[in-house]
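Presented below, as structure tokens, is a lone chain in the form predicted on its own.
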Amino acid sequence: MKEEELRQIFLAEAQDSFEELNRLFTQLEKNHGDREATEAIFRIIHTLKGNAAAMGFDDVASIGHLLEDIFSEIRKGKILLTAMVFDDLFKAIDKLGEMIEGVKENKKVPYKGLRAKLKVILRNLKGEIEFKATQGGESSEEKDKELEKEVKEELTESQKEILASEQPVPLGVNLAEEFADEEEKKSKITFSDFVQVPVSKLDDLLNLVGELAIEKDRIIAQGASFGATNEYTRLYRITSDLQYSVMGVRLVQVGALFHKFHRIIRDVATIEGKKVNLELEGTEIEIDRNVLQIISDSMIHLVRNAVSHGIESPEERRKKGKPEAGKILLRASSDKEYVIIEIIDDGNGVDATKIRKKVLEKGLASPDTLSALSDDDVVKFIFEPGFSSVENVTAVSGRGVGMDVVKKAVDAVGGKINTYTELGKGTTFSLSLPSSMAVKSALLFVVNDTEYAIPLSFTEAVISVKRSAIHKVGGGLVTTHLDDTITVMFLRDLFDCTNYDELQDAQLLHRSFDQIEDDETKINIVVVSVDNRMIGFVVDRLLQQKEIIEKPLGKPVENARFISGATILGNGNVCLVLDANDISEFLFKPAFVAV
């Protein structure tokens, strides 16, 4: 997090603390026995002192420390509160407010005189107490002289004259009056530059901006029919700027999540008897708060698995010539509209041979099917529900719960997850997540006179091939794209099904293809990438690339297959958004069923 941003957060919290202290002091003055107010004041001052020290504002921390000492004694009942004490405490709080304002305006505020006053108050009311400035067994008279010297350093010339013409300040008098500034500024009310807004209000605002964007598209589309496109250029720009400004308010730094893993890794490593160090990179990268919230549990699963499954025991690492302490790196980076989060460990890696054995044991694939799969494809089985490669169940792993949850969460936000592993070297899980869930770039197309959209995050290319370039293989269709063989599917065949039984028809994927007689007929294909597999979706007509605001489907169709949500286009039509992950699962899942 940037230093200036941390400074602004400190100022906002300090200002809130200052206002709350004023309220609590007033409450405590009316009822000296109010235990809750005393405890609350102590907690607030303690927090303010700690935050100031962490930020390097030593003057605020110094005054906070003395006030904390005073209220520590008050909590113990060793100091009785009187009207004179409250006058001094209110002066101290006012000075604290000035110092906070000084931090805001980069101005130095004199405080050593106040610090001396507070030390005198503490010593007078408590009795004998040791201060760093008076350690060494000085007499009470020597202590008073040193405190008086400290006070004089901060006095104005007029105040020094007053002090010189009067007797030394006796212990127990009202120090706030004795050293009152002759030209004291009038009290003024200050406000923080930060405003705390509930997330629900931001969501409502974003929804309204989304409605505005839809209405904007409708008006522009209507104007285009009359040839008045230039009239709406300013409207388009302003609404787009407003939309992205509201989206920017919802962005948070990934460091807010990353920093929580220090404790998680420590706890898991302790249970597993391992030594693990955590490193963070790219903590300043920003992402939509909702995306971060949804994938937070997935991140916990991945990090826990990295410690439990990936990092070896200290003894095993020594035998391999590795450092005893394993390393886990959480790294974030930006890639256009996406945020890439990587979980990298230097452990043992994923053993594809062990995965193949477990797949056969659980009946997730036949031996013939499994033998045809590459190691990379086999590793993907770790995302299957109930799959675990650990022999023994521990408090951390082995129950087969976790990795399937990770994939579902990543799919839910329209992201992708990839695994890169090298046996003996380590594993990298790479999550490609949209930086915002509010707006998605999508490709629009038509199937059966109905408009559909598919997120560009899945789209690799748009191609046109002749019927003769598509071939039947078993119950499916294939063609070539960039020298790779890809599965082809007519979306019409999927959406023409009226019940679940039709989806099980072995010839389902051949229906539309068989109806095309001319081998020279051009077929439009949208090539998408899902789980590192290329699939070609055949569409009737391509429309345009467009930014859409996707909304989830409501009851009673919230569980409809192959559709992730819907949006409203500028022409007022409802456009369904394809769930590429669900379609991919439908196409390839049967291949993993044991024969």
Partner chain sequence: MNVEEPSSASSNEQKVSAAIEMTRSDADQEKKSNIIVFRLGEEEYGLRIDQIKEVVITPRITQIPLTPSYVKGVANIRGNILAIIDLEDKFALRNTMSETSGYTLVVESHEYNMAILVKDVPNTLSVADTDIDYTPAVVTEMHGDQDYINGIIKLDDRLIILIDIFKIITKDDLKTVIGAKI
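In this text the structure is predicted, and so the values were computed from the model without any measurement. Residue numbers count along the first chain shown, from 1.
Quick note: we don't show the form predicted together with its partner chain, though the next part is all about it.
| request: May I ask you to state whether residue 31 is within 4.5 Å of its partner chain in the model of the complex, using heavy atom distances? | output: No.
Checklist entry - Would residue 544 count as a contact of its partner chain in the model of the complex, using a 4.5 angstroms cut-off between non-hydrogen atoms? => result No.
Next on the checklist: Please tell me whether any heavy atom belonging to residue 555 falls inside 4.5 Å of a heavy atom of its partner chain, as the geometry stands in the model of the complex.
Outcome noted: It does: once its partner chain is placed as it appears in the model of the complex, residue 555 has a heavy atom within 4.5 Å of it.
### Message
Is residue 494 near its partner chain? Define near as a heavy atom within 4.5 Å, in the model of the complex.
### Response
Yes, residue 494 is a contact residue.
* **Which of 457-465, 499-507, 321-329, 198-206 sits within 4.5 Å of its partner chain in the model of the complex, heavy atom basis** => So the stretch in question is 499-507.
Quick one: from 568, 530, 66, 538, grab the residue that has a heavy atom within 4.5 Å of its partner chain in the model of the complex. Answer to the contact question: 568.
Which residues within 231-246 place at least one heavy atom within 4.5 Å of its partner chain in the model of the complex? Heavy-atom contacts within 4.5 Å come from no residue here.
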